[in-house]
Structures are given as C-alpha cells and as structure tokens.
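In structure tokens, the next block holds one chain alone, the form predicted on its own.
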C-alpha cells in the first residue's frame, strides 16, 4: 500500500506575494497541481495534503480533486513537524509513505516510479531522492557510502565549511516505511540553527536509509522566490518546445515562445517568434501561427494562418486567415474558408463559411450566414444599456463601409446595406437598405 503526503503549509515569505506559494503558476498550472499530476499514474491508496498558511484558499483551489485528504499544520514548525500531523489520520495505515513538496513542480512520474522501485527492492526503511548540483547553495547535504547508504543529511545552515563542499544534495522527496517512521517521529527535536523539526533527522534515525541520485537535477528544482519560479518556467518551456519540435513542429525562435502542457499540434505547424499558447489548445495541420500572437483555450483546424492576433476560447475551422491585429473573444466560432482581417473584433458570434470581415469591424453576439461580406467599419451595436442583443445576418448579405446594425436585428439573405447606414429595423431577403441623412453642402463655408 502507498500513501502520498504533499507538504504545502509554508508561508513562502520570499515570494513577496499575498498568494500562497503553492498556488503560484508555472506553465499556466499551479505548483501544487503540477505535483498532483506527477502522481496520477502512481495510483496511491491515500493522498494527503498538509496545509497551513492560507490553507482554506489552497483547499478551495483543489475542490475538483475529490480524493484528497487535508491536514492542518499549525504552527508551521518544519517538515518533520508537518509529517507528525499525519499520525492521527494514518494510524491504521500499513505501507509506505511518499513525501513530496508542493513547491517542487517539475518532478516526473518516471522519477517517482524509480524511487518507489528502489525503495521496494532494497527493503529500505527510507529512500531519499538526491541531486548532485554544481552550485548547491541553500540545499541540505547528503553524506553516503558507495552503496547508496545514507550516513547523514545536514541542512546547509548546520553544515561546517568543509561539509558545504559536498555537492550531493537532498531534494526533500522521500519514501518511508510508515510503521518504522512512526516509531521515531516523536523523537525528532528542533535543536538546530532554524529551531525547526526536520524530517531529515528521521532519515538518520532509521536503520536502512538509501538514496537514489536523480539524472536531471532540474526535476527537483524548488521554488522559494520569483527568480526560481522564472527558472522553473524556463526549464518547463524548453522541455515542452523540444518535445513538439521532435514531433515536427517548427519554432522560428523557440526561446521567444511559450506553450502549455495541454497544447496539441498537427503536422507541419510553424510557430513564429513572440507567439504564446495557453490552456487547452488544439492546432491542426499546416497552420502558421504568429508572429506576435496569443492563443488561449482554442481549437484551430487545418490550414489556418494567424498573424499578430489574440484569440480566447474560440473555435476556428479550416482554411482561414486571421489578422493582423484581430481579436477573437470567448465563444466565437469561425467556419471554413473565412477571412478575419486587421483590427476586427469578434465576440460570442458564429461566422458562416466563406464569409469575409476584412477591416475595422466589431461583430458581437451575432450569427452570420455563409458568403457574407462585412464592409470596413461595420459595427453590430449589441448593448442597449441593460443587456446584450443578437444580430442575425443571412447568406450572401453585404454591409457597406461604416454601417451600424442596432441589435436586436435580423437581415435576410442577399441583403445589401448602403455605406454609412444606421439600421434599426429588420430587413427582408433580397432588399437594399439605406439609412442616411440627406447630404448638405454649404458653399463658401471656409470664408464665413
């Protein structure tokens, strides 16, 4: 049997933020959610999160994880003290306890599986994940023999100058035999420089203590400040881009682009510099994204070009050109063979196939048919001061430049709207509608 405990009680004062440290995000996902995702394939019998500082806020952020058990650590008196809080809820548990840190977001499932395998194979009472760092400042040092048996783990503040030369560091990730651990947990003390109860002291009190040195130390990079958070973001982005480049995606300038874990790309996709994808994005074949574009939680079909544009929670079908400087707001759908041109904003609208909205227009709360041509400067005036109203435009309809359609309104099929018109009433099929004041010319005006 296996229980997992995630330590997430700390204040994170070095983050200089009112947000709990484990709720800060890298790659668009909170640190604690990333830790949880690394455990999904482990299938533990119990999953516990130890919370303290702003614990209710952390708990609320994880309401979708119904399997979680929460334990309060108050006050926060060190990692050993945190694990001591597990004794009441795990009093009848028989098995191993995997201890993870809520601020170490890059740990991979495979690495956790390796740690668990070594722990079982060696019949250890505790197995610790370690990393050899060229610059180990700030990390506790692990002292062991050639067979991987741990002699001691000493926090850096308690190390001598000679001990600090050791580059084998403690990651803070452990697998304990829970029964063996409970026998010595109450013996842990706070007689150290930090005056805290260290979980590392439990390692040296157990008879069989092993360690597994990780291949890629970046996986156990902890986050204590915004600099380290930026470094973790850079590591994550590099891994994501490399993964997709190996799948055939072309990044013209990889370092200038960011993507999320939940992005998926088809064949022959080109991503130009300064292009960013967030959340759940699906990009089809032969798409060209950017430069300078932001796409969030959107689905894009095949043969789509997006240049210098912003897109949120939208669906884009096939053979479409968007931009430059277009803005697709949530709940917009663009059907096949459309053009959405420069300085066009679309919000909560369905744009029928083969429709062109080429310049300087706002289309909101609208349903457009197929082969519609929206003239430059056309506005659907959807807000009446109290609520948003709908505009419906039929197939093959054309609006002239600088037209305003006052919703709620319906234009039929094959309608032509004269340039400069403000339309307030429904228009039947095949009609021409014009709503302008009579032009007035006053000669010799400049001489008055």
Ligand code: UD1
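These figures come from a predicted structure and were not determined experimentally. Residue numbers count along the first chain shown, from 1.
Here the subject shifts to the form predicted together with the ligand, a form of this protein not shown in this document.
Only one of 77-85, 273-281, 251-259, 175-183 lies within 4.5 Å of the ligand in the predicted complex by heavy atoms, and it is 77-85. Heavy atoms of residue 105 never reach within 4.5 Å of the ligand in the predicted complex, leaving it off the interface.
Interface membership of residue 155, defined by any non-hydrogen atom within 4.5 Å of the ligand in the predicted complex, is confirmed. Put simply, residue 200 is close to the ligand in the predicted complex: some heavy atom of it is within 4.5 Å. Shown alone here, residue 140 lies within 4.5 Å of the ligand in the predicted complex, counting heavy atoms only. For the residues 73, 309, 312, 353, the 4.5 Å heavy atom test against the ligand in the predicted complex is passed only by 73.
For the candidate set 222, 217, 266, 148, a heavy atom within 4.5 Å of the ligand in the predicted complex is found for exactly one residue, namely 222.
Taking a 4.5 Å heavy atom cutoff to the ligand in the predicted complex, the contacting residues in 1-16 are 7, 8, 9, 10, 14.
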